[in-house]
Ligand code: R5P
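Before any questions on how it binds or moves, here is one chain, the form predicted alone, in structure tokens.
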């Protein structure tokens, strides 16, 4: 038996033990494992994240820019804080040595040929744990034909996530019949948060976005949406974080850019350093020309 050490004497009795709050909005009462996963997704120094979304193929097949994920995405993936994708792509293409956190697309079913709101849970929680996921993403179609079903998909995942320490990202879906207004997004994001989502992905709107982030008690990440000019995408990301978003989840505005590598770095500077759009675009052009 090794010799026992002497009992310690330095208890710093003059210093009160402090209990720090968690840095993410609305997340202080979560378990340690849940907070640890969220701390991998969101940078603890800035409280923000740049998620690279490449899960578009789960309902629309080989999207432009995602035809060859091994050639187009893997080279820029290390520049993202988080990679959002499906388990099929993760297992078949992404090397296990990739250490950035993974957010798995967990809902699915219909293709673009059918009613998209008719989704089901498409990933088992145990498989997500085997894949070492940091969070699961589920689509929620507030106002859609299968609204209640999609909400129940989310709540079932939230229950499982609380059991295993897995955060759930609710993705607010906007169909062709839904009006993109602050009122709609306040409704959709609040419903997701009220029913347990740990953070919410939603779209940016020029008027009233700050009321969306203010009325949602958990972090909001901005969805990139359709491809727009690089300067406009950088301005949208800048405005979103200045108005309360905890980061962005961009796909097409990165991998469909003329230089995806330059774009993801410019987005990162916009989100984490609050680099204004003009300077961020100059950074993008400089990086593109260097390449």
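Positions refer to the first chain, counted from 1. Computed from a predicted model, the values in this text were never measured in an experiment.
What comes next is about the form predicted in complex with the named molecule, which is not displayed.
- Under a 4.5 angstroms non-hydrogen atom cutoff, the named molecule in the predicted bound form lacks residue 241 among its neighbouring residues.
- Residue contact check for residue 230: none of its heavy atoms lie within 4.5 Å of the named molecule in the predicted bound form.
- In the predicted bound form, the named molecule lies within 4.5 Å of some heavy atom of residue 139.
- Within this chain, residue 40 is remote from the site of the named molecule in the predicted bound form, having no heavy atom within 4.5 Å.
- With the partner left out here, the named molecule still marks one of 53-61, 40-48, 262-270, 25-33 in the predicted bound form; by a 4.5 Å heavy atom cut-off that stretch is 53-61.
- Contact annotation: of the candidates 134, 84, 168, 216, the single residue with a non-hydrogen atom within 4.5 angstroms of the named molecule in the predicted bound form is 84.
- Of the residues in 225-263, those that come within 4.5 Å of the named molecule in the predicted bound form through at least one heavy atom are, in sequence order, 225, 249, 250, 251, 252.
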